[in-house]
Each structure stands twice: as C-alpha cells, then as structure tokens.
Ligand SMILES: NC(=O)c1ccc[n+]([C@@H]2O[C@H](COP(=O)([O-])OP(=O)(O)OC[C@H]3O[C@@H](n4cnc5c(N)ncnc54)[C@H](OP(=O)(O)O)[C@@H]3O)[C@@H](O)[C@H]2O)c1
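Form predicted alone, single chain, as structure tokens, below.
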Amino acid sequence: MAYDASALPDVSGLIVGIIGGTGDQGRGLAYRFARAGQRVLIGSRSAERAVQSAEEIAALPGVPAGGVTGADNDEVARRSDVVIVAVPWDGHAATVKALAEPLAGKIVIDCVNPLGFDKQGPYALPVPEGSAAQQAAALLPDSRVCAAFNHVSAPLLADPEIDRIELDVLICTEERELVGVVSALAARIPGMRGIYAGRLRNAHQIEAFTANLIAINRRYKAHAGIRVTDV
C-alpha cells in the first residue's frame, strides 16, 4: 500500500492543543499549524505565559488573525480535539497524569524524547514503560495515544523564511485510524508526510534515534530529519 495523500481525512476543522507550547518544539509546531490555517491553542502551567507565547506566534508572518490563543494546560486539554504533548522529559509523567480527566476521549500525540546529555553527547534514557508514548498511554487509559513529530527540527519550524520542511513524521499507535488523522495533520505542513511505523512498543526506537540526529546535526551543522524511501 503506497502513501496516498488524497486518501487522508479532512482535519482542517480540528482544534489542535499543544501542551508545552511555550517551549521551542511546541512553539514551532504551533506556528506551522497556525500558519496552515489550523486553529491552535497554546497550553502551559501558567496561563499568562501561554497567552504571551500565543501573542508572539500570532505576530509571525502567515498566521491568520485569531489562529492561535493561549490558556492553562487544563483548559487547552478540554477545548482541543487533538492534543500534542511537547513538554520536557523530566516533567512528562506529572504533566500527563494531571491531565488524565480532561484528555479522556481525546487524540493525544506524544512527541517527547527521553534523552540525557553528558560530555560525550546525547543518549537515550531508559523508560520503565518502554517509551514516553507508552508512559503517556499508561497514564491516559481513556485517551487515544500515539507517538509522532519526534524528529522535527524546532529551528526549522520556527523560521518564517522556510516554506517547506521535507521530512517524514513516523507514527506509532495501536489504532490504525489515528494514522490517517495524524498523517493529515502532518501534511498540513508543506513537505511533510505521516508514515505508520508500528505499534506503540516501537516508539522507543524512534524517540532514542533523536540522539543520533542531534549528533548528525552537530557534526554537519544541519537540521536533519527522516525521509522513508520507496513509500
């Protein structure tokens, strides 16, 4: 079965919430989705910080008026159709656990990479559940959890001069229906494709590979991503 963008569902009416939307990755994703015409809600533990971040994103080129707003994490979780978790790893479990009730029934996309850093560079951290996405699934039994957007460069996302970001978003989930929704969201960003990469048990490999990409970026002064061939 080849990749077929014409078969993707229409997700233009979905509200996308980003928990951790004041960080680099969250802000970058928020900007790209808002620039594509998606309604975006920025979430943070501090509503004031979320509003400030949303105002800064709204002022960037290409963002339509009213396309992005900010609120605290709980409100964003309740108001959104799809929620992207983009928080630092050390706060992942506590943040996700606190939002279990408002995230019930929602599609939750986890893009967190559990990494450590030392003098030798980045390395993958062990996660008792197997991966950040599996941890989220365990803490959100009533949500529809998948892993995606782990390998998207924050600097590329944030650069208004870049129109296309040529890479594939690897998607791990237990629900095949979610692959279409997440792929359609990825396709809202020019140059991106969403590619199914297995069940959640495979997410740890994708999260860990981010350490390799960081090493590549440092060596070649690049913003490397992933592109799957022959699909």
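In this text, residue numbers run from 1 along the sequence as written. Please read these numbers as outputs of a predicted model, since none were measured by experiment.
This next part talks about the form predicted together with the ligand, which is not shown.
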| remark: Of the candidate stretches 80 to 88, 101 to 109, 134 to 142, 120 to 128, the one with residues having heavy atoms within 4.5 Å of the ligand in the predicted bound form is 80 to 88
| message | in the predicted bound form, does residue 49 come within 4.5 Å of the ligand, counting heavy atoms only? | response | yes
| said: Just checking whether residue 173 would be counted as a contact of the ligand in the predicted bound form - the rule being heavy atoms within 4.5 angstroms. | reply: no
| Taking heavy atoms only, is residue 152 within 4.5 angstroms of the ligand in the predicted bound form? | yes
| Does residue 23 reach the ligand in the predicted bound form if we count a contact as any heavy atom within 4.5 Å? | yes
